[in-house]
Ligand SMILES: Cc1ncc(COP(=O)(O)O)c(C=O)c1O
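Shown below, as structure tokens, is a lone chain in the form predicted alone; questions about how it binds or moves come after it.
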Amino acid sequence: MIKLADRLDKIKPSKTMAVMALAKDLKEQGVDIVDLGAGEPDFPTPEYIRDLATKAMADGYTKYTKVDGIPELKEAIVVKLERDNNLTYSTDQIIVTSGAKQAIYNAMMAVVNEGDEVIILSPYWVSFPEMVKLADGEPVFAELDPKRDYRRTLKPFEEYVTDRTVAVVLNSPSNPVGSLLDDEFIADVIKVSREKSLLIISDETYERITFENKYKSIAAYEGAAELTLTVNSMSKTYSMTGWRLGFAAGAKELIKAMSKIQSQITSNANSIAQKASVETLTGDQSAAEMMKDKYWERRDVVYEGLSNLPGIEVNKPEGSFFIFPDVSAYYGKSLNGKSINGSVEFAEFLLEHAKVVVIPGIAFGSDNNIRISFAAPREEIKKGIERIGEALNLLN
């Protein structure tokens, strides 16, 4: 019998797989399912980006590249960060990775020793704590306050910091809640991080998908640049999820360490995706703006629809394409003898009785909530909300 590594015991199995498996079975049976669980844009990758990839292949750009990225893409990332984020970097402060996830994982492996703590704001993206554990660290959860639209933690940030803390992960706009952290809270994180020599890992994957307020990068705040690793991706802004292309910018010594790790794990990111991303970042941005505007319209539809459902508490997202309603008022209710006692059972109930897919909030650290994606056509969102309302009326 094969003996598996003990580190696997540290990683939690997905609490959403049963729901997703059931949804897949129903779809295969031809059942009309409204999928509001998607974690990626529903738009195709813009045609001009696909054409850039076709040209790259035709030109034979299909070989290994430098581990940390091709020079012209790193230069394009420098231009993008200056243009969009008012951040100044040199190319030796940039690494290109196979998605933002790899950039964050590289950073964890570079700075976390056994027993070190990393502060993660909760609700959180599902992979953050698991990556800390894989680096032999311990995630410490700082709960965000829903009554303040998830814009700051319940307690002052410094109360989560110990002598073992080495880093904090910020994700703004947030997956799953869509919030933007407020300026006062960010300033407090920067102040404490300077005093305690903490690395700030800023996941800015959704920074171009913001609505009323323009996003400000964490590293652009006073005193934050040298403390911050800025992580981003082509996936959400340009609907390039399957291309697996991310990047990070930070201190030279950290980027060098991350490149060293990457050299032994994956080597370079996809050469074709890299070549296509150069002009994508520096050229016409109208496709990205069009998609953002569509998400904005959909945000208003889903927020209004959920707000009109009795017992549902919901905050209006400021960015991303997710909304995170509190559905705990329905816990303890039942139908046909089957009770709802948490977010998994609630999601299963909606799938069975509304034929709507949502993601249980427990996957993101909050069992009172579900995550709904509005990366779906407007009419599908309306249909989904209507079905949810009808199903909730069935509950005792």
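Bear in mind that the values here come from a model prediction, so they are computed numbers and not experimental data. All residue numbers are counted from 1 along the displayed sequence.
Omitted from view is the form predicted in complex with this ligand, to which the following refers.
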Which one of 152, 80, 244, 292 is close to this ligand in the model of the complex, taking close to mean a heavy atom within 4.5 Å?
-> 244
Heavy atom within 4.5 Å of this ligand in the model of the complex: which of 219, 100, 73, 180 fits that? Just give me the one.
-> 100
With this ligand left out here, work out from 83 to 91, 261 to 269, 160 to 168, 197 to 205 which stretch has heavy atoms within 4.5 Å of it in the model of the complex.
-> 197 to 205
Find out whether any non-hydrogen atom of residue 211 is located within 4.5 angstroms of this ligand in the model of the complex, and reply yes or no.
-> no
Is there a non-hydrogen atom of residue 39 within 4.5 angstroms of a non-hydrogen atom of this ligand in the model of the complex?
-> yes
Using 4.5 Å between non-hydrogen atoms, is residue 185 touching this ligand in the model of the complex?
-> no
Residue 228: touches this ligand in the model of the complex, heavy atom cutoff 4.5 angstroms = no
Note that this ligand is not shown here; using its position in the model of the complex, name the residues of 217 to 235 with a heavy atom within 4.5 Å of it, in sequence order.
-> 233, 235
